[in-house]
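In the structure tokens that follow, the same protein chain appears in two forms, which are kept apart as structure 1 and structure 2.
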Structure 1
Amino acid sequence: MLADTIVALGVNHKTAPVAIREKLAFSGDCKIPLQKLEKIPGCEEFCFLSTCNRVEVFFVAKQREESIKNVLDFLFTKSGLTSKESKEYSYIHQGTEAITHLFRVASSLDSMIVGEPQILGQLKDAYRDAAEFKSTGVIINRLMNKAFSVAKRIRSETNIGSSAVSISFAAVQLAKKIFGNLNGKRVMLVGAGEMAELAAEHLVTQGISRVVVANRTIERAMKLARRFKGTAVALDELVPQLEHVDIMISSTGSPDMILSRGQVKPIMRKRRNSPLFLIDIAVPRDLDPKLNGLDNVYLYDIDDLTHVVEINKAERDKEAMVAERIVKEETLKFQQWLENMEISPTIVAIRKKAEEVREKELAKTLSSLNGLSTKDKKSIEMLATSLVNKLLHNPIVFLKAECAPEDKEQKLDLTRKLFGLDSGQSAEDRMSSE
């Protein structure tokens, strides 16, 4: 069956730690891995995906066992891992499982953060590279485009991507509730914690116009500021900078609070009470809880954000269940398309054989009838065509009817035998010998 020729083979955040995934990292020219895959015997169509959380090859191969071994060798060739370790850290999905896996990847159901949108763009880029390299064919082309439409359907029919399920993203969602639109807003990062960096990344994608980094070590502040095309300031400049920013994210390692209510109150007068959003993701806390008592100052700490995340995780899990159902539905639809692909050559062969017989018998009949008008000949031709179509109708409906994969194979085999499609003898030769 055609479905059985589809394979998804790879490594991701579920099967291997980052130390292993790093060994498989592919960087530089995207054509290099495609060129290597092209040399693998039996790899008829393929697409290569490489991100920080996964390295995968989606391919079509009739001799699957040999191709799987070679693709596995390709992925781990420079890793220094043994063959046993390679199998331990990788996964292989074949047939229906491979189709379902790709649809789940495209829809971010297989992502570290379920619902994140980046993976779909990465998969589209991988497919574009493969298509330009001409390593895709009818099956991979259809499979990838179907994966994109499945992801789009899940985005439109569920709310899987609307809830924040990471601390950094939760901070951004809260900022949007306060300001509505983040275009043109200014943010200050205090400290250089990883969660603050991630929050800043999310904010930048939402249209933040300016990033200021304040840190005890000015070199570290400058390095981080360059990443966001912002400016670096000393930690001593924290308070006066508050006059010019809308959002502050603090994640220092200070044992004491670095900002008090008394320091911010006069700043709010200078700001004419324009909203100030403070995010404290430091443990112990950087910011005075009493800041929340000031008008138009909105302070959230790590516990507030964690609470938002937990609520949203429960909501997203419900949406994920709906998304999984959609994946199952679309997998069945794709399998039906593959089955029709298998049936088509047999239907074409039946029609071709019937047409050969019709033309042969029509020619014999017309040559034996003298004095027929053009109209009479046309009527006889139409009669012959109609008889052929009516006789073929039920066998073709029988072939197209839904059934189990093993029954489909039996039906195809039986039909080809009944119509003598694999005998190697032409219709004309058979009629001559009868």
Structure 2
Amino acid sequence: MLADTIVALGVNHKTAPVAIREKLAFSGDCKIPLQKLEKIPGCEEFCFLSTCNRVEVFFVAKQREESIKNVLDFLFTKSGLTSKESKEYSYIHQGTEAITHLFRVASSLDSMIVGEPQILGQLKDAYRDAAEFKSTGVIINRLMNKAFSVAKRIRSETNIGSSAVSISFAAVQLAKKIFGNLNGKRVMLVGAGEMAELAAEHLVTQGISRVVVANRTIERAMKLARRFKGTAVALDELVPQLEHVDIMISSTGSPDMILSRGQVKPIMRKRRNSPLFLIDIAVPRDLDPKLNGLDNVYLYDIDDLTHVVEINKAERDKEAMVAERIVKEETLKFQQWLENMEISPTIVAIRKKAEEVREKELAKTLSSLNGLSTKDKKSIEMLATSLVNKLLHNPIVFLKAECAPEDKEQKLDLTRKLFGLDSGQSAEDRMSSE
């Protein structure tokens, strides 16, 4: 089965802590991982995705076991982990599961903040890089495009996106209730994450004058700082920097608290008690909950913010359920397409289509011609039948001919497109011909 050849393999925020994810270290040129993947035998099509919360490879391979092992080795080569450990931190989805997984990633159901909008863009970038590298083929192309349309469908049919946006909106509202005017205020981003960046973006549009980015890796801090025209600092400078900022958004993947009450108390004296708004969107939390007990310090974690926007959990779960149902539905559709991507169903489909055309056209012609004898009618019918058969002969021979396995899908894809066999395809054809 073709579906079984699809694999999604990687690590994300659920399976591996940031310390592990960072060890995988795929920053910089996106071509390098693609080049390495190309060398893995049996990896026919592939796409490589790396964000702050996930590193994963989607690929198509006939010899799955072999390829999975090699891709795992490729992912963990720099980490220094044993293969047993690397298996523990990663997930391997195959076949239908892999399709569902990709659809869930694209539509942000697998994100730390469900519904955050950036992952789709990141996935599109990853796919574009892979396509430019020519590492994608019929299956990945179709799979990725389908993933994008699933994400779009979920976004329009559910309210899944609103919670992430409204959470960062709530943060801005709160900041305004604390500081009044945000002009001239300073914000510090600690760690990086889709949600933190979204909140920072909202704040900047509200007049925040300076952005400071602190990160474990100064490179990433600098990259993010450039985006907000801010400055980058090392994570060790966090506490002294607190003296100068008004809002801090923390979203590191650290398993421990990075800031305690004892560290902030003396800072408040230095700040002459000017209010400090701390936003902790990390899971697990970065900031000591006791910080909220300090005068003029206001600490909100992700649950608090969610509470603020009054999106109750039941509501969100309902939206997520609708989204999951869409994912399931689309996965089935995709599976259907994959199943059709075999020789015999394709031949059957071509025959069926030709037969339908023949019958329809015959009926039309015979009804408009009067005074024909039964013999004449028969001749016309035979003409139609032999036309269809003659015309279909060569394409069917072409389909049946032996060829290399990687060419087979292309051949099938081309044929199915030529004959407009996939409902989506034919709909597009109809649209473009109109």
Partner chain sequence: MALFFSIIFFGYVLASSNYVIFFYNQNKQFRTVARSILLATGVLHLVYLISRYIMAGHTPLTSNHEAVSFFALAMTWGYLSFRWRYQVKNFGTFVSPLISLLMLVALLSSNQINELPPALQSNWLPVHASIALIANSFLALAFCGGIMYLLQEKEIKKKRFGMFYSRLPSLEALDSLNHHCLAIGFPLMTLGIITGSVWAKQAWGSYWQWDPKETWSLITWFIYAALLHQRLTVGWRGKRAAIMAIIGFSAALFTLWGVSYFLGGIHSYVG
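C-alpha atoms forming the largest set that superposes within 1.5 Å between two forms make up the rigid core. Note that the coordinates shown come from a computational prediction; the quantities given were computed from them, not determined experimentally. When a residue number appears, read it as a position in the sequence of structure 1, where counting begins at 1.
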Structure that is the form predicted in complex with its partner chain (1 or 2)
2
After the core is overlaid between structures 1 and 2, has the C-alpha of Lys185 moved by 2 angstroms or more?
yes
Is Asn12 displaced by at least 2 Å at its C-alpha between structures 1 and 2 when the rigid core is overlaid?
no
Taking the rigid core as the reference frame, is the Cα of Glu381 displaced by 2 Å or more between structures 1 and 2?
yes
With both forms put on the same core, how far apart in Å are the CA positions of Lys417 between structures 1 and 2?
26.9
For Val211, what C-alpha shift in Å results between structures 1 and 2 following superposition on the rigid core?
7.4
Once the two forms are fitted on their core, CA shift of His202 between structures 1 and 2 in Å:
3.0
